[in-house]
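Given as structure tokens, the chain that follows is alone and in the form predicted alone.
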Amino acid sequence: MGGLSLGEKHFIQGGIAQDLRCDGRKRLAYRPIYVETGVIPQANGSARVRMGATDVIASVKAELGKPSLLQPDKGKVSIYIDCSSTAEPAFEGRGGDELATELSVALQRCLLGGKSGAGAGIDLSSLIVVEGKICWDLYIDGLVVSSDGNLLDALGASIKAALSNTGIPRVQVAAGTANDEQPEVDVSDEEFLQFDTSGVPVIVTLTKVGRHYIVDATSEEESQMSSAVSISVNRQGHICGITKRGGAALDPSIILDMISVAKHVSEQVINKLDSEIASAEAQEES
């Protein structure tokens, strides 16, 4: 975000140094989080998350596919993000495409772990129907409706909420299929299995401004950052992924401190998000 005067920049930086940000929050406080579920009826699951003026939607579509040869015991998850040009003038044209790609890659890293699937926050083995032959492929689409900073955390929260809202159709596999044949399956239109999101992490982004770091940075605060580290942490306190942006190098001891802070903050975020998801789903059912 450009166009800040020197005085405004000093005001933002000075407030963060004094632990009193422009909107009255302390350095490690999030804006209020609001969740709606079931916002896209034709998807298997969907959710909308708002953090301040940042507004994002995630949807999940489940389709039967074939596991990869390298991971015959795991299903597949793909994450695609679209930055609406109405959300931010900078998203028009290539600016939006580049950010969408950057966010997609960061979410893959934070939610799905390494290429081997190690550390994945989404249990891919739960998506297997017949090992080596049939699995569920989940296509997760995220849309940035309105942007005022901290898009990665908001998108991560919307994906967690959408997965919590996801019903996977029950599949019956025909008996007596030979090993070298593709099994016949019957996909139920009425019975659905709830996707288990107990291990799905939240993403906590720590943005470094001056000598301090803050969570849930607004666009104005992000314009003053030297670097940002995003850490995904699940309810068990396990780190599922880490990604960094910004040119400034960070000392390893600072990153360790950031991980410790992210673990502490993640507990509050998970509790708040789970409470919002439960409330949204109760509202959807009533």
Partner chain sequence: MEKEIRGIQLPLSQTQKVRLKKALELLQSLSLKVNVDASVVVADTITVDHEDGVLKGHGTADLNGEVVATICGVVERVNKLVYVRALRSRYKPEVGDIVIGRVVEVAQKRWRLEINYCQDAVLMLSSMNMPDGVQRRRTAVDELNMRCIFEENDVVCAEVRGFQHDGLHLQARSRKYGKLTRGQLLTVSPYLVKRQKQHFHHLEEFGIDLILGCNGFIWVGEHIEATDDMVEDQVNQSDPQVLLPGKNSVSLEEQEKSYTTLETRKYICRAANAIRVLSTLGFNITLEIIKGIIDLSLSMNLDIHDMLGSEFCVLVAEKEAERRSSNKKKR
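Nothing here was measured: the structure is a model prediction, and the numbers come from that model. Residue numbers count along the first chain shown, from 1.
One more form of this protein, predicted in complex with the partner chain, exists but is not displayed; see below.
For the chain shown alone, Pro32 is a contact residue for the partner chain in the predicted complex, at least one non-hydrogen atom being within 4.5 angstroms. Contact check for Gln268: every heavy atom lies farther than 4.5 Å from the partner chain in the predicted complex.
In the predicted complex, Glu8 approaches the partner chain with a heavy atom inside 4.5 Å. In the predicted complex, the partner chain stays beyond 4.5 Å of every heavy atom belonging to Arg27. Not one of Ile239, Leu256 and Ser260 places a heavy atom within 4.5 Å of the partner chain in the predicted complex. Per the 4.5 Å heavy atom criterion, the partner chain in the predicted complex is contacted by stretch 42-50, the sole one of 225-233, 42-50, 56-64, 247-255.
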